[in-house]
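Okay, so here's just one chain, in structure tokens, the form predicted on its own.
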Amino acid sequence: MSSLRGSAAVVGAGLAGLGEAPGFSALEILGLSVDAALEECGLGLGDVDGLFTASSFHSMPTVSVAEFLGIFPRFSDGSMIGGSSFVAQLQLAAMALDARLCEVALIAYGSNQRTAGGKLVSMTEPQPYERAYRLRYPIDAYALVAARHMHEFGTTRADLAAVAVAARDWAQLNPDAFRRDPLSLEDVLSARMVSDPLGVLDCCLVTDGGGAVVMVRAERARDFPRPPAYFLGGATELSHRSIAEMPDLTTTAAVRSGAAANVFCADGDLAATWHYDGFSGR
């Protein structure tokens, strides 16, 4: 796997519909982000022959997206592993490019969850050990993890609130952020409780938005208008679908996937990798 280090690069990226995009479907928002990504690198839809996407709205996302965009990819992947799907697909796209299964890989996602009334398919399969308790997903699962972390490590609500405050501080530096107003620890701690110990301001925002990136092999990367961002490493590991089946509530599979991704990094610096678990934490 280490041979993939630097073998591919992102040459275009695009965003669309951030925050609220009334009147647009999830596919339309995705399409706008794809247009932006292709425009940035000077390619067209006809150049795309590799498609990587996932969806909480469509059961066959690659087929739906290919049809909507009017493209005919010769390689595709629609694996859905939660919010980390598109990070994982960077590795899959690099593999497909390295194997000459495609020449231009497109990774894309779109959601109109906010303007669609907050509706999202988040738990379609019945969970026999949780269904009886009528859990509200995903916040009740996160709350269980947070409560266990507090018990095991002495974490406080203020410690958790500091995460939300830090996120808002970063958002204030981003002109595309949906919420940029100041947020204090007191704001978070005094907010309405949703699922103890997490209040409404501990929860992520419900927004619309879409994003897309275009990847090519490294040998072509310097031929594009923008400086390329080379793929240095990636890894995935799965551990559970149901919170009741999580082996350890305070340790996720991201610990092992992060260590595996680090193999790609020549200097062995874990800071060069991005740990992300789409279900249980970042």
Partner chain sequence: MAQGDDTHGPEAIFRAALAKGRILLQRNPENGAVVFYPRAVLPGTHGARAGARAEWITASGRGTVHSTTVSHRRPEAGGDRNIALVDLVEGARLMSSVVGIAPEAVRIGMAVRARIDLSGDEPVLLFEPEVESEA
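In this text, all values refer to a predicted model and were calculated from it rather than measured experimentally. Residue numbers count along the first chain shown, from 1.
Quick note: we don't show the form predicted in complex with its partner chain, though the next part is all about it.
**Student:** Using heavy atoms and a 4.5 Å cut-off, decide whether A147, V194 and P247 all contact its partner chain in the predicted complex.
**Tutor:** Yes, the whole candidate spot contacts its partner chain.
**Student:** Consider the chain as shown here, without its partner, and state which of C102, A143, L90, A161 has a heavy atom within 4.5 Å of its partner chain in the predicted complex.
**Tutor:** Answer to the contact question: A143.
**Student:** To verify the annotation, which of these, G154, G117, P175, P128, has a non-hydrogen atom within 4.5 Å of its partner chain in the predicted complex?
**Tutor:** Partner contact (heavy atom, 4.5 Å) among the options: P128.
**Student:** Choose from 35-43, 214-222, 238-246, 51-59 the stretch whose residues reach within 4.5 Å of its partner chain in the predicted complex, heavy atoms counted.
**Tutor:** Result for this chain: 238-246.
**Student:** Tell me, yes or no, whether V206 is in contact with its partner chain in the predicted complex, where a contact means a heavy atom of each within 4.5 Å.
**Tutor:** No, V206 is distant from the partner.
**Student:** Is R136 close to its partner chain in the predicted complex, meaning a heavy atom pair under 4.5 Å apart or at it?
**Tutor:** Looking in the predicted complex, residue contacts with its partner chain include R136, since a heavy atom lies within 4.5 Å.
**Student:** Though only this chain appears here, would A166 touch its partner chain in the predicted complex if you measure heavy atom gaps against 4.5 Å?
**Tutor:** Flag for A166 set to no.
**Student:** Would you please decide whether A132 lies within 4.5 angstroms of its partner chain in the predicted complex, comparing each non-hydrogen atom pair?
**Tutor:** Within the cut-off, so yes.
**Student:** Mind listing which residues of 13-43 have a heavy atom within 4.5 Å of its partner chain in the predicted complex?
**Tutor:** Not one residue comes within 4.5 Å of the partner.
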